[in-house]
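Here's a solo chain for you in structure tokens, the form predicted on its own.
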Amino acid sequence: MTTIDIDRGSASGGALDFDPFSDVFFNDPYPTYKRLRDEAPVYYSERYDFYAISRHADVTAAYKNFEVFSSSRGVDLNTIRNGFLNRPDMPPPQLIIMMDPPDHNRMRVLVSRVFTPRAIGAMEPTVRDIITGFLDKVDAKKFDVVADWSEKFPVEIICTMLGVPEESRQQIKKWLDRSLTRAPGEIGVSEDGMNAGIEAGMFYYDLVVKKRENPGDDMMSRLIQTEIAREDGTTTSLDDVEIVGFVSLLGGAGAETVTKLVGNAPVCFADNPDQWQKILDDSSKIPGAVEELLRYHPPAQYVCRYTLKDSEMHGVTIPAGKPVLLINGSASRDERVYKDPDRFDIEREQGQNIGFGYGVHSCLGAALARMESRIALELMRERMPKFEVDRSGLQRVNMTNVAGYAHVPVTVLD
């Protein structure tokens, strides 16, 4: 077996060090990613005992090769290493993101029926009303794009779809933030994060019980009424725990990515005013801008897989039984695929954008997320054509694989 022995160092020179759990890494990970692609496309971290792959072709191939790069042990380093909720004796819950085919396929079919293009398209008036309603509440001249707006509307939208009562929807986001937040250098879920996950699970469980007694016209009620073909050939309804798992996953995924993508937008456009001017001149460029935001600074920087077999890549053998990070954030800046990849260009030919995953685990809610992001940029164009970002107030989130801001204060100019 060939491994790479790399000491701690900096992105600008010296020994190559990839430490995604440091407190400063996501301030600017892209120089490190370039060195990974060029110097160590299969990287081994002795400190954390994981492998990482960084080139676009390798990342997309690993996404598709679930027979080697498995999701069945979890999709984050802590779960793979230490078990679910830090308990090695506890198997991962039966969540769709923690399954490989064929089990994954059976579960995915259930949710994909809700996220058809026709169903998502029919929701646009509701989605627009929710996004606009939250923007109407902010100070029109000075507000925080994330704290006052983009962290509020995505969870409201997905919770409306799920059937969560209005008074509880913003609480879902608070639980999610607590469960995802990490101290610098911390890999595992904190005690507060575990408590938040338990509180959210109990809330969803109680809600499922109520929906069984009084179903409504919402996703949760439809999941209760759905039957699924089991591995043994029988057909049964989903039980309460399975539904809670689905709902927790959808609530989390639906609340997080758009929050960060829309929050990243003012910073990217402030850094590249010529690109913002293109949007002011022509609103039809907004969908392309959404794709470029997703490529240039993807909210989900990497996902984790577990190797079921040995795999050789670039002369390095990744042994079976190891966690492997698939670095989306690096693949999206790969010069082997993208011309001048470190340039923000909303008119770029995107190719295979993996910002919402790829292969069997591509994001079911990608069309909804794109719609929300498009509408948000349309409203920014309308309400804040000229703006300044207060860079002294920028604050990045402290989450393991998420790149984005918790605070983006802006001033709207006349």
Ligand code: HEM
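Don't overthink the numbering: it's just position in the shown sequence, from 1. Nothing here was measured: the structure is a model prediction, and the numbers come from that model.
The protein also exists as the form predicted together with the ligand; that form is not presented, and the subsequent description refers to it.
Original post:
When the ligand is placed as it is in the model of the complex, which of 141-149, 236-244, 292-300, 205-213 ends up with heavy atoms within 4.5 Å of it?
Top reply: Single hit among the candidates: 292-300.
Original post:
Pick from M380, L36, V389, C363: which has a non-hydrogen atom within 4.5 Å of the ligand in the model of the complex?
Top reply: Residue within 4.5 Å of the partner: C363.
Subject >> the ligand: the contacting residue among F66, F356, Y44, F26 in the model of the complex [heavy atom, 4.5 Å] >> reply: Contact residue from the list: F356.
Original post:
Can all three of I279, R343 and M371 be found with a heavy atom no more than 4.5 Å from the ligand in the model of the complex?
Top reply: No, none of the three is in contact.
Original post:
Would L261 show up as a contact with the ligand in the model of the complex if we use heavy atoms at 4.5 Å?
Top reply: Contact check for L261: yes, within 4.5 Å of the ligand in the model of the complex.
Original post:
Is there any non-hydrogen atom of L249 lying within 4.5 Å of the ligand in the model of the complex?
Top reply: Yes - in the model of the complex, heavy atoms of L249 and the ligand come within 4.5 Å of each other.
**OP:** State yes or no: in the model of the complex, is some non-hydrogen atom of G254 no more than 4.5 angstroms from a non-hydrogen atom of the ligand?
**Re:** Looking in the model of the complex, residue contacts with the ligand include G254, since a heavy atom lies within 4.5 Å.
Original post:
How about S332: is it within 4.5 Å of the ligand in the model of the complex, going by heavy atoms?
Top reply: No, S332 is distant from the partner.
Original post:
Though the partner is not shown here, which residues of 102-117 have a heavy atom within 4.5 Å of the ligand in the model of the complex?
Top reply: H104, R108, F115 sit within 4.5 Å of the partner.
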